[in-house]
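Just the one chain here, the form predicted alone, laid out as structure tokens.
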């Protein structure tokens, strides 16, 4: 493993200054659970790591009536242990509770999970259900990036050179809302998903679906929403026929492929199975 310098800035501005000075050979890190694996394998050989762990506020969970603001360095364990999140944003709670082992969740961060931009990112699927917005800071100032535009491809995000993710805003859905996330694996712990499926529906006073979200992981080059499946659910009652139609549409929308974890036909079949199962469980 190559040698590198390790920097521990105390503020966001200091971190941005270091990244600007060190250039593209510097890598920002939080929990470093993915970065460390890539360092050991030789996939990464940076000149410097810029740790964000000592920056005040980046690990916070700010709850309000309007929603949740997650600091980018908030750990999966912090989300898993938070009863407010479990009650109001259950799919996010489910997803973060299934990342790796408890030891990994104690260190790994939600922001790092997003910036790694893996198609298998559990938290990304759940956050897509809740219309999350990423707060990005860079040399030119701050900007907001909707999560459904944050992922550009495997390992690629909308972050420009020198920018860092500082937080994620997650609105709390209004009205009668149910949501769930299912991580399909061969065993129950310490495994990447064969498929990740999330569903959220909000019902109006008459029992019709006023808003729907369907999101998938390991069903394309990035975690994605399924607009066709959402349209199939919205605008009418939550009947078995409408749910099955949405599941079939999502299976067609998915850009699944064969891999050593699972074949494309199996992933597509399980999308049809899991969407009704999640809604029935809710």
Partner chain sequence: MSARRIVGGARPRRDAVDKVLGRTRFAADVRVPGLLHLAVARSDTAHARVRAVHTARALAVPGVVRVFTARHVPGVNRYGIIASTADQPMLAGDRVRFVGEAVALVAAETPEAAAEGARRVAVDYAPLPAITDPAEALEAGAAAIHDRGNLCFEQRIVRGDVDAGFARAAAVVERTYRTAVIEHAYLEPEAAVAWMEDGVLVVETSTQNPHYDRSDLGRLLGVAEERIRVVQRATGGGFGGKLDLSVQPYVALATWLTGRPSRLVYSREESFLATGKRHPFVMRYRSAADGSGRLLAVEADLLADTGAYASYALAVAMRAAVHAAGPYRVPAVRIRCRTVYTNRVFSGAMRGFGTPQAAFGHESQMDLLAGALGIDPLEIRRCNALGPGDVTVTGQTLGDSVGLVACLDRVGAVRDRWARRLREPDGVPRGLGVGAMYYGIGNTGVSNPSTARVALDPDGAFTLFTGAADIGQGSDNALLAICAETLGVDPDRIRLVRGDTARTANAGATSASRQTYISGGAVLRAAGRLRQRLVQEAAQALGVPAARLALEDGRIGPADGSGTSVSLAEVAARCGGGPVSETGGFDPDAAVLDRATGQGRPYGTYAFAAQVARVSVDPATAEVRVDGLAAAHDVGRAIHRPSVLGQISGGAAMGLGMALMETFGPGRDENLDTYLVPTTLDVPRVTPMIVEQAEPTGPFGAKGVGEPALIPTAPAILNALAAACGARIHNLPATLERVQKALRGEEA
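Positions refer to the first chain, counted from 1. Just so you know, these numbers come straight off a predicted model, no measurement behind them.
As for the form predicted in complex with the partner chain, it is not shown, yet the points below apply to it.
J.: Mind checking whether each of 11, 15 and 47 has a heavy atom within 4.5 Å of the partner chain in the predicted bound form?
T.: None of them does, since no heavy atom lies within 4.5 Å of the partner.
J.: Using a 4.5 Å heavy atom cut-off, which stretch among 108-116, 125-133, 191-199, 142-150 contacts the partner chain in the predicted bound form?
T.: Residues of 191-199 come within 4.5 Å of the partner.
J.: Report whether the minimum heavy atom distance between residue 185 and the partner chain in the predicted bound form is within 4.5 Å.
T.: Because a heavy atom of residue 185 falls inside 4.5 Å of the partner chain in the predicted bound form, the answer is yes.
J.: Does any part of residue 19 reach within 4.5 Å of the partner chain in the predicted bound form? Heavy atoms only, please.
T.: Flag for residue 19 set to no.
J.: Can you tell me whether residue 40 touches the partner chain? I mean in the predicted bound form, with a 4.5 angstroms heavy atom cut-off.
T.: Answer yes; at least one heavy atom of residue 40 falls within 4.5 Å of the partner chain in the predicted bound form.
J.: Answer for residue 269 alone: is it within 4.5 Å of the partner chain in the predicted bound form, judged on heavy atom distances?
T.: Contact check for residue 269: yes, within 4.5 Å of the partner chain in the predicted bound form.
J.: Judged by heavy atom distances of 4.5 Å or less, which residues of 135-155 approach the partner chain in the predicted bound form?
T.: Result: empty, none.
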